[in-house]
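Quick setup: one chain, the form predicted alone, written in structure tokens, and binding and motion questions come after.
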Amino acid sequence: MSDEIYDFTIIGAGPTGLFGAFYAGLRSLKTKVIEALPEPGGQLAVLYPEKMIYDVPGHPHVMARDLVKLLMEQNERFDPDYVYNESVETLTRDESGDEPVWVLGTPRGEHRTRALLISAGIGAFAPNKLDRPGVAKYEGNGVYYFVQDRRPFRHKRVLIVGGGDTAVDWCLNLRDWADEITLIHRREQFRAHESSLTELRLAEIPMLTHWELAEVSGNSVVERARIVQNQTDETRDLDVDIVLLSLGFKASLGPMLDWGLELADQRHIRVDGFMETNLPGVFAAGDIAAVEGSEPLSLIVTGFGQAAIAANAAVKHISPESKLFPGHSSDLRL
């Protein structure tokens, strides 16, 4: 690994990081993107590549994997460097040379940069597992925690467990794909967008509230699920082929907890209005960032805006004489 110093290094190749790389390119910053996964996309690639996304400006709807592809195509104009399968474990400041730089340590070596954007989503994450009879036995063979490929769901009877956006969105995305869908949620209230819930009700997909998964059973594959009403203890046996558990994820900042960053809590890095952390030239954007005086809003569109702010602020950090405002893209010679 060379000792080349980059202007702007981005940790995380999710949608926020990819758009940050584009905006850094607009500002003529030599940019590198470091991603722990073997491919770009972050949660979009790992958790729900075939999920439809409805709140990206200019796209009435776009599949997650297609959004990643479009973001990568957008970046081709500036050709940032990508490093995959590499996790950043340490962050140190080197002031021994002509200029201070940040040094990012990984198992493979070091990366040196004048400014840094942390866009690592929710950090290291793992699905919340459900400890019920049969769940672990059939995991990956009829029991799933996320959907990377819709093909196993074709013409199947599907039970979806959960009350957030992911559970509701998969009910909608699979309604014309699976033969039968049932949604159960342990509470009356859902955490999903109201517009999605309205669409779900119109789709006439059964929505059973105050019901929980009690057991999964079958022979070589899943054949039935027992559910229980948590207010009356009534039980039902449903004939199903697939159980999709959309129960959220455990997230951790992992090694970043030791970097000297000021945290809003154990999941969020505190930033100011320019998306800068308490460390000079270190910015954060997207799901991992908590803007001072505000509340984290974990939306792709929010991450896009924050990435643009961070990239422009990085220019100002590297060259204080530069303007923060980049000019309108339609006016730039691209």
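Keep in mind the model is a prediction, meaning the values are calculated, not measured. Don't overthink the numbering: it's just position in the shown sequence, from 1. The term rigid core refers to the most C-alpha atoms you can superpose between the two forms while keeping them within 1.5 Å.
Not pictured, yet referred to below: the form predicted in complex with a small molecule.
K.L.:
Check each of 29, 44, 308, 282 and return the one that places a heavy atom within 4.5 angstroms of the small molecule in the predicted bound form.
P.N.:
Checked against the cut-off, the match is 44.
K.L.:
Counting non-hydrogen atoms within 4.5 angstroms of the small molecule in the predicted bound form, say which of 88, 116, 243, 181 makes the cut.
P.N.:
Answer to the contact question: 88.
K.L.:
Heavy atoms within 4.5 Å of the small molecule in the predicted bound form: does residue 13 have any?
P.N.:
Residue 13: yes, in contact with the small molecule in the predicted bound form.
K.L.:
Check residue 34 for me: does it contact the small molecule in the predicted bound form (non-hydrogen atoms, 4.5 angstroms)?
P.N.:
The answer is yes: residue 34 has a heavy atom within 4.5 Å of the small molecule.
K.L.:
Taking 4.5 angstroms as the cut-off for heavy atoms, does residue 121 touch the small molecule in the predicted bound form?
P.N.:
The answer is yes: residue 121 has a heavy atom within 4.5 Å of the small molecule.
K.L.:
Spell out, yes or no, whether the shortest heavy atom distance between residue 256 and the small molecule in the predicted bound form is within 4.5 Å.
P.N.:
Residue-level check for residue 256: yes, a contact with the small molecule.
K.L.:
Is the small molecule in the predicted bound form near all of 274, 278 and 318, within 4.5 Å of a heavy atom of each?
P.N.:
Not a single listed residue reaches the small molecule in the predicted bound form, so no.
K.L.:
Just checking, between this form and the one not shown and with the core aligned, does residue 146 shift 2 Å or more at the CA?
P.N.:
Comparing forms between this form and the one not shown, the residue 146 CA shifts at least 2 Å.
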